[in-house]
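Below, in structure tokens: the form predicted on its own, a single chain.
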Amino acid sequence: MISGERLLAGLEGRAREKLPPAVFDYLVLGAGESVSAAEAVEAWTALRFHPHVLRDVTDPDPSVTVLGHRLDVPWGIAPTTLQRAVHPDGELAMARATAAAGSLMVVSSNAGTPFADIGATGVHWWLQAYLPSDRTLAQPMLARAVEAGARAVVLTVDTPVVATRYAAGQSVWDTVDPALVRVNFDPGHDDQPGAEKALDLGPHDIGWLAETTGLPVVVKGVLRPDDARRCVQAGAAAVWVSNHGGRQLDRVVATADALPGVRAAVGEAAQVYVDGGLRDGHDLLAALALGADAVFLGRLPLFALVDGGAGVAAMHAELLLQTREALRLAGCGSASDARGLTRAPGANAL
């Protein structure tokens, strides 16, 4: 286990050492030439702060509220698959450590652990969902999530098809046990007509999901202000600025550059979240400064999961230390005080 201030910076290297090459490549690989994936981290580190002074930072409060629920920290865990290929305890280890940290976990619809088992850990969780061409085929999986205690549905809208990825070696799907994914679907689901991903997603699907589940809907994969407005007009409780970790359309804008425009377009009519390339407390401060109500982490907790629940717990703890220090040094008594500390140079304004 890596300890101390270098823990977060060393997680990727540790994952590279411990994981089978095909699994590690799957975690880090972007689409196409991985241009967007490579630019994600640098986009956050390029930002510069304008800190406050003469502020009381005796006990900075890093908590945020998402869809009416208070989190002790300003980040949650983004939905990722193959967690049980990273560690046998998979989603259960992630959930337990995340619950102990007072955070939030978004569970992939492709998860390898039953929703009921994840819900039984006590973690506050949301379901991530793709919609199939025949929407009714999603209903059994959605019902299982609701019954297991999901508090929201995150509709991923940037994946009408899975983008081409150029793996250096063997595909992960040729090496991983199929039983480690998609355990919350009915047997034979993928063989049914209409089970393929929908190519005709529209604003009406936001309302359909809300009516079907009775839960608030978050729309994930939004990069444009005009699309963000359409989502909110269609009833989205929040929009999530994401480029799918650079794993869909390559050469898309970095989320750090897209976030300010989306925030401005949405105003306070809905919450705005962001993921993509965030690796430490300074990155979190930058995201809050640009207007995010909360931040979501994808690859970082996957790297930490190599050491099971203890690894994820250590990640949460170190990130909290870094975030509290960053808030103090920026003159912020709370996470909300970070708003406006920076802006993205050359931010898109469509």
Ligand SMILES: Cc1cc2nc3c(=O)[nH]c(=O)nc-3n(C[C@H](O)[C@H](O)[C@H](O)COP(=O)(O)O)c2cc1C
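These numbers were taken from a predicted model, which means no experiment stands behind them. Position 1 is the first residue in the sequence shown; the rest follow in order.
Although it is not shown, the form predicted in complex with this ligand is what the next lines describe.
- [ ] May I ask you to choose, among R263, H87, R96, K220, the residue with a heavy atom within 4.5 Å of this ligand in the model of the complex?
- [x] None of the others qualify; the residue that does is K220.
Open item on the list: Can you work out which of S108, S103, N184, Q271 has a heavy atom no more than 4.5 Å from this ligand in the model of the complex?
Closed with: Here the answer is residue option S108.
Open item on the list: this ligand is absent from this chain, but in the model of the complex, do T45, G291 and T342 each have a non-hydrogen atom within 4.5 Å of it?
Closed with: Looking in the model of the complex, the three residues T45, G291 and T342 all stay beyond 4.5 Å of this ligand (heavy atoms).
Task: this ligand contact in the model of the complex: P74, any heavy atom under 4.5 Å - done: So P74 does not count as contacting this ligand.
Open item on the list: in the model of the complex, is there a heavy atom of this ligand that lies within 4.5 Å of any heavy atom of G112, even though the partner is absent here?
Closed with: Although this ligand is absent here, G112 would stay clear of it in the model of the complex, with no heavy atoms inside 4.5 Å.
TODO: Answer for L27 alone: is it within 4.5 Å of this ligand in the model of the complex, judged on heavy atom distances?
DONE: Yes - in the model of the complex, heavy atoms of L27 and this ligand come within 4.5 Å of each other.
TODO: May I ask you to check whether Q128 falls inside a 4.5 Å heavy atom distance of this ligand in the model of the complex?
DONE: Residue-level check for Q128: yes, a contact with this ligand.
TODO: Among 79-87, 112-120, 202-210, 131-139, mark the stretch whose residues have heavy atoms within 4.5 Å of this ligand in the model of the complex.
DONE: One stretch meets the cut-off, namely 79-87.
Open item on the list: With the partner left out here, which residues of 29-48 have a non-hydrogen atom within 4.5 Å of this ligand in the model of the complex?
Closed with: Read in sequence order, no residue approaches this ligand (within 4.5 Å, in the model of the complex).
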